[in-house]
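Below you'll find only one chain, the form predicted on its own, shown as structure tokens.
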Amino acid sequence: MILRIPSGIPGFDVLTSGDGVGGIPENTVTLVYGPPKVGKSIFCYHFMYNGLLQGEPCLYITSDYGLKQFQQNTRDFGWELDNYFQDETLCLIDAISSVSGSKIVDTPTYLSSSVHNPTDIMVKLGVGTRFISQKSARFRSVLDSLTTLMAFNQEMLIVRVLTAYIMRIKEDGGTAVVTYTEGSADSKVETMLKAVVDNVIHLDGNEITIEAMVGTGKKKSSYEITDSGITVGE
């Protein structure tokens, strides 16, 4: 039986229960893609927060929202993160705040980087992964999003960064979700992104489609975004 971890999204684990147990296959990387504003980041927040509730630490790389906006976005759904930063089970690599000139002092659970510098992001990834993986044999990670990184760098460079990210997370026993905005890169690059991950999920604002997932065939369901986050098939 394939080991799976719960997503935290109501209805999603039922949709993916191909072998009787639903959720995201453990030690895999899932690409969540689709048009802008369809819930890709919210999917990531669910995944992160569900893990934290179960004692699974998370390494979150954000290139779209800085620390304050990230905290506000999750707070909008009733998910408070301060305690998890304090007990060092949540580590954030912030690759966007420095672009606006914000200066926040690095801590063990907050690492500042830059979308202009993928090499530094990978260095911080190594630091963050070592820190989080020592907390638990099972941990989660999020990279949100590839789109912003591609806007500031050559697309193929970011494909290589993604490949290195996947290798690092898997070697340390983590399970990850990565987001990408559909159509923002060359079609060949988009195909490569899907090829290097294990699972592919598409959101279009109305339907969620499991295009590929270890142990699960292609599946589709309606979904909606509410004040509590994403709800699938209800």
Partner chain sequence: MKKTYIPKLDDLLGGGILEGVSIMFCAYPGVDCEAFGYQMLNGRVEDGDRGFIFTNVAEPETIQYEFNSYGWNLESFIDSEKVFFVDGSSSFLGAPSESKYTIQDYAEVEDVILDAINDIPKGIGIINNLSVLIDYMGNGDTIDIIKNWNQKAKENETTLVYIFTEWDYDTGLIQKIKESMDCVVDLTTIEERVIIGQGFMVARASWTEPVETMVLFFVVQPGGVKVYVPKILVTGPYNSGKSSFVKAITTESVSVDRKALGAFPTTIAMDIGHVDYKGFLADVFGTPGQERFDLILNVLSKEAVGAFIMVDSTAPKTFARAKEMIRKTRAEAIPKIIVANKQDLPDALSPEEIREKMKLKKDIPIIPAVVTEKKGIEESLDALLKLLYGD
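Numbering follows the first chain given and starts at 1. In this text the structure is predicted, and so the values were computed from the model without any measurement.
Just so it is clear, the following notes concern the form predicted together with its partner chain, a form of the same protein that is not shown.
Here is the short version: of 86, 107, 72, 154, the single residue with a heavy atom within 4.5 Å of its partner chain in the model of the complex is 154.
Using a 4.5 angstroms threshold between heavy atoms, residue 195 stays clear of its partner chain in the model of the complex.
Remark: residue 118 counts among the residues lining its partner chain in the model of the complex, judged by a heavy atom distance of 4.5 Å or less.
For residue 123, a non-hydrogen atom is located within 4.5 Å of its partner chain in the model of the complex, even though that partner is not displayed.
Interface residue remark: residue 168 is counted as part of the site for its partner chain in the model of the complex, having a heavy atom within 4.5 Å. The candidate spot formed by 37, 91 and 138 is out of contact with its partner chain in the model of the complex: none of the three has a heavy atom within 4.5 Å.
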